[in-house]
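Only one chain is included here, represented as structure tokens and corresponding to the form predicted alone.
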Amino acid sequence: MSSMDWTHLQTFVAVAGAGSLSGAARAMAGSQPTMGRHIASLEAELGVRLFDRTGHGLELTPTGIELLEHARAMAQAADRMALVAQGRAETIAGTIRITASDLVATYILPDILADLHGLEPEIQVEVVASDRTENLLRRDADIAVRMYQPTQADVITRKVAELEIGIYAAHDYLAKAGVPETLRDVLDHDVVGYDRGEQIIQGFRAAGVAVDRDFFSFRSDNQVVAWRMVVAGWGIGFNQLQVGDGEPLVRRLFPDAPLPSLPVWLAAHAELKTSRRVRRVFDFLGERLGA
């Protein structure tokens, strides 16, 4: 058997992940006929059938399932080679892809990144506003800003800050509902919380107050949406001081309340630590977020 075409192996991995030739074509920015030719050529070269054609798309055969593990390992090795090659690049110009939560990406990063652009105009920045754990190894992002310590393998992390949390309500809401005088009084107010996330529920429980998701009269796991509902006057909510104290339409309640803080972690792939560009942005984010 001659050396396999790496492009055909990439197509194999993409088709297996998408479950169809058309899905793989979209993922690889190719065409469906090209994907089909790649799979046919690979099957002919290996002398096996990799997929069964069904009414629901393409399903891996038992042989295909076994070979997919090896193909993915080869794809991961290729990704590592690209990471090492990029890490050794001397230029600081180029693109950096950063992932951060919706709230951080909307309210905290813009000022920081604008200052970075003024200092390093040759660095292009892409921001992925997402609370999902991005796969740094596969280059979904170069740097992640997280409120927890990432635990992915081959990832370097740095804790850069602790963000204080405050309790807020819009002036319009307080004028109608009254200002709570104690933390217990908050239980008699409309409270904005998360839908599936349990961070706020756990905070209440840590304070000795048992609540569940039905306690919140408005719920959204999108932190920006939840905050905008607080600003709009729905009820009482929670946010980082950097965001809440900068909003003139709200008032901070109980500033002396012992609320837990949020840790801020930066993460980047270990093999990118030698990249001048990534190191520059990583250190700049750490300095500004820490301040």
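Sequential numbering from 1, following the sequence displayed. Under this definition, the rigid core comprises the largest set of C-alpha atoms superposing within 1.5 Å between the forms. Please read all numbers here as calculations on a predicted model, not as lab measurements.
In what follows, reference is made to the form predicted together with the DNA, a form of this protein that is not presented.
Heavy atoms of Met229 never reach within 4.5 Å of the DNA in the model of the complex, leaving it off the interface. Although the partner is absent here, His70 lies well away from the DNA in the model of the complex, with no heavy atom inside 4.5 Å.
Residue contact check for Gly57: one or more of its heavy atoms lie within 4.5 Å of the DNA in the model of the complex. In the model of the complex, the DNA sits within 4.5 Å of a heavy atom of Gln32. In summary, the region of this chain contacting the DNA in the model of the complex, judged by heavy atoms within 4.5 Å and restricted to 32-40, 237-245, 219-227, 256-264, corresponds to 32-40. Not one of Ala105, Arg146 and Lys159 is positioned with any heavy atom within 4.5 Å of the DNA in the model of the complex. Residues are counted as partner-facing when one of their heavy atoms sits within 4.5 Å of the DNA in the model of the complex; in 39-54 only Arg53 qualifies.
Fitting the two forms on the rigid core leaves the C-alpha of Met229 displaced by under 2 angstroms between the shown form and the other one.
Once the rigid core is used as the reference frame, the Cα position of Ala16 differs between the shown form and the other one by 2 Å or more.
After superposition on the rigid core, the Cα of Ala25 moves by 2 Å or more between the shown form and the other one.
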